[in-house]
Ligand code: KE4
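Consider the single chain below, provided in structure tokens and representing the form predicted on its own.
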Amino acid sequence: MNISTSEKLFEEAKKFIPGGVNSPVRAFNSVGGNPLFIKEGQGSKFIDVDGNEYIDYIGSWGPHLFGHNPTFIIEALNKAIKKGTSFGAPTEIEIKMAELITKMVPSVEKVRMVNSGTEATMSAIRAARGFTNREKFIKFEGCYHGHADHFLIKAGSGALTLGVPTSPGVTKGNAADTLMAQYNNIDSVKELFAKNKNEIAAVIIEPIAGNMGVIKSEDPFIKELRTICDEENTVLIFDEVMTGFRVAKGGAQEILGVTPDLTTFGKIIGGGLPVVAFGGKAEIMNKISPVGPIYPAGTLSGNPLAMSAGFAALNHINSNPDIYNLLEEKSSYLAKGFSENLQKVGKNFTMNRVGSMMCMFFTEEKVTDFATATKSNTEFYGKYFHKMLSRGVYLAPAQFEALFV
């Protein structure tokens, strides 16, 4: 397989872009080797600049539920772009998009459009703090909510200590307000509430984690988490940037049967363009400026191109109720195939899957949280990744990322 053009482009990119990439996971540091530069995509496949074709299992990290370049999204974009790319003023398509989201996800009464997952989760935390007049919040080890300062925190020397920064530039003051709990461990949550009585504004969680591999929150855990937040007058935030409209029409909250106070959405709601949103209870969302005092803003938020692509994607889902049955059938078949092939070579692994999200961990142990996920043999995953790549299958270039069908 010739990848010489990709290698030349990567060397050129490193002269002008830190590490040669605009997002770290693209650099292949976790699996070794150099990244491939992609030229075009169609359906379930894309082609690199050297003409090599791959089955794409990252789908731009989730949004391509219908594959690359679906006709109905391209048509919506072509129609919109003729009228203008951005106005910095309201457009009708924003209303249609917001109304459709509230119809598809019952927990969302009002919604605000933004431009990135980091922006959505950051705004949701700010809304929760402003609504409760509290400053601290709980996040879970292994969950990723973007790169805002108060999210780039890891557990301290003990599982229940205050968090410590994981990146230079993040202050200790930010870390002090971020409390770390263990995923699927409700006792760790209870202890934090006991130690920080009437100080916790929010709990934010990926209800189905996609950034420590795919890990589903267990039923007793997520239901008790909802109960505790009710008892403590704390805002429960579901980060469904990955899972929203991916695992089900109503997202992870539909599968789990738990209603959050606020939800963040991304990936699929943009139809391949950068669109993200946060929304939930009207009593919280009505605290957002210009109605209330909590201030988020964005020049390109709700721009007509992104709204047109997103509306086309969500409308297609809403009009085709069998989509998730078909995705389940395909994903189950593919996960079974991955597993059977790995069993043939006698390799120890665990396959986690929820709908069209899946991940294979190279460990014998059941993976239910960050600690068990990190027992995976990441060196072997790197070898597996490159063997699959040489056969025309493009997996996530990192062990702890989800695959998307």
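A residue's number is simply how far along the shown sequence it sits, counting from 1. These numbers come from a predicted model, not from an experiment.
Keep in mind that the form predicted together with this ligand is not shown, yet the notes after this line are about it.
For this session: Find the only residue in F362, W61, F338, F37 having a heavy atom within 4.5 Å of this ligand in the model of the complex.
Result: That would be W61.
For this session: State the residue from T178, Q182, T118, T91 whose non-hydrogen atoms include one within 4.5 Å of this ligand in the model of the complex.
Result: Selected residue: T118.
Exercise. Picking from 190-198, 239-247, 322-330, 83-91, which part of the chain touches this ligand in the model of the complex when contact means heavy atoms within 4.5 Å?
Worked result: Only one stretch passes the 4.5 Å heavy-atom test: 239-247.
Exercise. Should F221 be counted as a contact of this ligand in the model of the complex, where contact means heavy atoms within 4.5 Å?
Worked result: The answer is no: F221 has no heavy atom within 4.5 Å of this ligand.
Exercise. Counting only non-hydrogen atoms and a 4.5 angstroms cut-off, does S107 reach this ligand in the model of the complex?
Worked result: So S107 does not count as contacting this ligand.
Problem set entry | Contact label in the model of the complex: H150 to this ligand, heavy atom within 4.5 Å | Outside the cut-off, so no.
Problem set entry | Non-hydrogen atom contact F131 with this ligand in the model of the complex at 4.5 angstroms | No, F131 sits far enough from this ligand in the model of the complex that none of its heavy atoms falls within 4.5 Å.
Problem set entry | Interface residues of 190-227 toward this ligand, as seen in the model of the complex [heavy atoms, 4.5 Å] | Read in sequence order, the residues that approach this ligand (within 4.5 Å, in the model of the complex) are E206, N211.
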